[in-house]
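Next up: a single chain in structure tokens, the form predicted on its own.
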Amino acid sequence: MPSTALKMQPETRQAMPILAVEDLHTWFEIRRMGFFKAGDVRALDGVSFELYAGETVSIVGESGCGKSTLAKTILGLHKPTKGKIYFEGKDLSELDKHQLKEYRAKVGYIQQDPYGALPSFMTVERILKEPMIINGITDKDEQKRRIRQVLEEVKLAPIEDFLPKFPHMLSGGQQQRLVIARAMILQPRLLIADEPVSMLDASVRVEILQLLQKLQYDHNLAIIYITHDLSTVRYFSERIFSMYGAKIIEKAATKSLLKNPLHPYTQALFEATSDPDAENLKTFKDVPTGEPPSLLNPPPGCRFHPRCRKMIKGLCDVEIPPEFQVTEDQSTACWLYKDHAQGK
């Protein structure tokens, strides 16, 4: 795999973002005995960012931090409680059913578990035909053309051998290639990849990430790459967003974040990353104790303050920090940087 991520064309940043998320909240109501409201699980609690065509953003964080909820809200599988999502300048909340169907055709979804994501009773050919039939692409020649093209792109060949196969007849890597082919069959503008390599062998992970890079380059795709595996983000993203407690707490260019993570939680994430050098494993790393916060009853102030060794008493435990722009390409929601920049 190349040592750096594929870069966007310089003019891309000057254009309108393909996706803009503004103060997005997704809460799930909890009821006791089916009748009495017990509270809300704040799965997303004020998330904002922009994504450009041809760009890959990695969203990293512990399990339960809100990464997958963010993906499913963008896909339209969860209805936001508050906030806006704009795709190609259009507010998704204002789309009718027909327009929402057109939007979903432009957004491909790559799931974590390829076998669970594929219908076991369908052949490869039928799996790839299904999205086209649903979206009104019924011309047989066009269906065949797209299927051949996408199978060639994901390197499932010879094509005639794979078309009649069922998912259980494929290896884990081949199943994930099929999931990617299905996500690409409608020629999307945006791919959301939710832990796409976490269930694959190490050697296959590299192949799948290289495949996604090539598809991005060939089709100018925007990609949201969701992962807890920090060993892959350095090769596959231009920017990294760190999530904790349903909030994005740091945004940075990949090189800047790898060199100097600002937020204590992001620092802890990298401290906990596996190190291939056995000599470095002889000493315990300085990682925070404790558990992620309850999203049903989150702590006041900064969500990370109960675990943070740098917590400022009377501030971090009282007031939610704004997003501080610390450098040109790095911002963080942490009171430690209140004197370095002005909050947004």
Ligand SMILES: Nc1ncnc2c1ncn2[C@@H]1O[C@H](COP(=O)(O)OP(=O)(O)O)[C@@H](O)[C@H]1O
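Residues carry their position along the shown sequence, with the first being 1. Since the model is a prediction, treat every value here as computed from it, not as a measurement.
Heads up, the form predicted in complex with the named molecule isn't pictured, but that's what we're talking about next.
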Note: exactly one of A43, V57, C308, V47 sits with a heavy atom within 4.5 Å of the named molecule in the model of the complex, namely A43
Only hit among G64, G39, P288, P299 for heavy atom within 4.5 Å of the named molecule in the model of the complex is G64
Within 4.5 Å of the named molecule in the model of the complex, heavy atom basis, the matching stretch of 167-175, 183-191, 68-76, 99-107 is 68-76
(message) Considering non-hydrogen atoms and a 4.5 Å limit, does the named molecule approach A53 in the model of the complex?
(response) no
Exercise. Applying a 4.5 Å heavy atom distance criterion, does C316 contact the named molecule in the model of the complex?
Worked result: no
Checked 292-321 against the named molecule in the model of the complex; residues with a heavy atom within 4.5 Å, sequence order, are L295
